[in-house]
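Just the one chain here, laid out as structure tokens, in the form predicted on its own.
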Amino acid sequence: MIADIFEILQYDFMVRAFLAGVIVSLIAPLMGFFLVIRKFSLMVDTLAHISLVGVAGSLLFQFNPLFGAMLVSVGAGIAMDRLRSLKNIFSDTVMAIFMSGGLALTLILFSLGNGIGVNMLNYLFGSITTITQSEILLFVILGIIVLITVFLLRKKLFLISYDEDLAVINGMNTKLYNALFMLLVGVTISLAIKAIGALLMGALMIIPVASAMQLGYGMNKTLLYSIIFSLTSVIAGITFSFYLDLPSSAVIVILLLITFLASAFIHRNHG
């Protein structure tokens, strides 16, 4: 495997793919962990589908799709969180409404744009090998910002995710931290959508966390193991897809599923 990776690194587009994959595999399970704690796992798929509105609009009006996806996903995330806090609408209802509206708007923008169909497929199913040099710079800058922010605020993010009422009692500004969290989720999704695709986004953000939780450790170790599972699956997935001529996003998800099944087997047999 190591030798194969070094051989692949002769190609510039594969170097960019590995770099983008490493960044995404580091930040995706971090955000996924706090979403799982919040019991908001389905929000990943909802925001991923809504972000397609930004992608379609960007392709239609010819500006960077990653910025469009980020703008729409962050705005939708904050709006859903505000509606959820009203307590008179169930969270799954809010997500269903936003997903339906997002898909409808995407379809309208898709029908208005001639020639954006092929590009949209890259964001539906992922196309990590088509990431450009300018996009890699964006990946690195935003990825580092997300990593540093989560590292510094991980305990507060855990508290507000685990028990928001307790966070209020402890004097936390929950509205501010919820908005910041949704901003981080939106940034993560906008980066990962080009690597893994909107339709498979949930796998990269949730499955590594679910696998790590099978091992029964605390917050820090769960975060560490989820990153290890994500990083290993992404690197191996890109490598295998190159030699087998298969879609990298699909191979990555299959490897993530294998990891989950293995961790569940270990949990069942060793408690």
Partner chain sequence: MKNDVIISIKNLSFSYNSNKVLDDINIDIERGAYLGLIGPNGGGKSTLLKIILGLLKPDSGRVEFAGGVNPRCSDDCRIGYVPQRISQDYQDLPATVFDIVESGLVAKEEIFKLQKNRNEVINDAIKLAGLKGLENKLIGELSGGQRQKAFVARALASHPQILILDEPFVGVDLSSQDEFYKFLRKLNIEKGLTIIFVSHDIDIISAQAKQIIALNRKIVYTGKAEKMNEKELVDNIYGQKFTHIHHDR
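None of the values given here were measured: they were computed from a predicted structure. Positions refer to the first chain, counted from 1.
Separately, the form predicted together with the partner chain exists; it is not shown, and the next lines address it.
Listed residues Ile136, Leu153, Val94, Ala79 were compared with the partner chain in the model of the complex; Leu153 is the one with a heavy atom within 4.5 Å. Of the candidates Met172, Leu103, Leu71, Leu147, Met172 is the one whose heavy atoms come within 4.5 Å of the partner chain in the model of the complex; the others do not. Only one of 124-132, 197-205, 160-168, 139-147 places residue heavy atoms within 4.5 angstroms of the partner chain in the model of the complex, namely 160-168. When the partner chain is considered in the model of the complex, Leu26 lies well away from it, no heavy atom lying within 4.5 Å. Among heavy atoms of Tyr177, some come within 4.5 Å of the partner chain in the model of the complex. When the partner chain is considered in the model of the complex, Tyr217 lines it closely, a heavy atom lying within 4.5 Å. Within this chain, Thr239 is remote from the site of the partner chain in the model of the complex, having no heavy atom within 4.5 Å. In sequence order, Phe33, Ile37, Lys39 are the residues of 30-65 having a heavy atom within 4.5 Å of the partner chain in the model of the complex; the partner itself is omitted from this view.
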